[in-house]
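In structure tokens, one chain follows: the form predicted on its own.
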Amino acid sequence: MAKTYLYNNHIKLGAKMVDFAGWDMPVQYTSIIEEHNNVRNNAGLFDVSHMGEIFVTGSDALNYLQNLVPQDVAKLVDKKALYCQFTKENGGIEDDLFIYKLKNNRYLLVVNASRINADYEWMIKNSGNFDVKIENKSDVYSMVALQGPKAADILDSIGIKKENQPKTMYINEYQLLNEDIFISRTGYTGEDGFEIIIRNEKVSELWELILEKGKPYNIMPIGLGARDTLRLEAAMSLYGNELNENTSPVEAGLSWSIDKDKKQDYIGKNIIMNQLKNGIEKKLIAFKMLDRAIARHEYPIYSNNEEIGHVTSGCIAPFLGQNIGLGYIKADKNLKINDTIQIMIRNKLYNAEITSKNFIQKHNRGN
């Protein structure tokens, strides 16, 4: 099992370690609920070094990326980020990712841990005759995420002053600890915050610095358990749960991340545009439990005693104090917000109510 360069830091903090996508990662340090609420109220520091970093350079870098994603990459100005998906011929999702335009002909892609090798192979496979250089630097860099309403104050305290911090959905390059680093104002919690990319050899020093300077702001190290409840409370999709190779961005409720006016062709475009025009067979919904029960991944969803879908993610939402979830249902059932559905849990049906995906008010907009 792979270890991040922060493994010893986690052990020193008494973290409970688990296998995640082949990585030995901290699932919690104190309790998931305490860590979750601390990110909502103060700040949390996450080890996300298992994520992948792939650089794309060359005179055809833009046209090459345009061929891979439904977003219009040409709209990016320098330092700007966009969320998108690698789509397949069937319209399904190879992975979801962030693309950062560092400058003309130089892009950074941050991809999911479980998909690094598959994504890199996908990118090579589809490089065709484009003049591009594709470099998987995932084994060179580590990443930490600083998230929460006090994240900007903590970043300021370690030397990245507020007036110089990146705006939401932007990335900047800085010098810190005598090292070139990338800091983006992005995250996976629904809160304001930053993701910091630094060479492996320096990440332990950075981790300790942030935790030390963050003490006046009640910072806590946060494990994967709270990372999952935070992203679900913010209704953010997870690859392998809400997203997969047989689910399109339209079905996944990500139509906002598809550029409807994009002229360039891209893999799966015909199917995706047809879905936007003519509809879909399944759709992603959010729900809250009405009965006292917790929905879990793959539990069946029922309506009028008919199985109509399945749960993709479910948990106790610590900040809300409710049991919530996401799941796919048949689109032709025409169910809408406030309608009642049932979740099959241990051979018994429990009532739930379809809600908007705004479980919480998101605060992931910085300066």
Partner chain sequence: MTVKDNILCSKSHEYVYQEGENYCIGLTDFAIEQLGDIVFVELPQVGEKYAKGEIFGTIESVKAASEIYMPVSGEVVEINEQLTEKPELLNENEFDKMWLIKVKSEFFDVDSSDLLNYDTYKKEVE
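For clarity, every value in this text was computed on a predicted model and none was experimentally measured. Positions refer to the first chain, counted from 1.
What follows is about the form predicted in complex with the partner chain, which we do not show.
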Heavy atom within 4.5 Å of the partner chain in the model of the complex - the one residue of A74, V140, L276, I294 that qualifies: I294
In the model of the complex, the one of V27, I337, L320, A331 near the partner chain [non-hydrogen atom within 4.5 angstroms]: V27
Heavy atom distance at most 4.5 Å to the partner chain in the model of the complex, all of K16, G225 and T229: yes
How about Y299 - does it come within 4.5 Å of the partner chain in the model of the complex, if we only consider non-hydrogen atoms? yes
Look up in the model of the complex whether C315 has a non-hydrogen atom within 4.5 angstroms of the partner chain, and give yes or no. yes
Proximity of I32 to the partner chain in the model of the complex, heavy atoms at 4.5 Å: yes
Classify R346 as contacting or not contacting the partner chain in the model of the complex by the rule of any non-hydrogen atom within 4.5 angstroms, answering yes or no. yes
Of 32-40, 304-312, 49-57, 65-73, which is the one stretch near the partner chain in the model of the complex, taking non-hydrogen atoms within 4.5 angstroms as near? 32-40
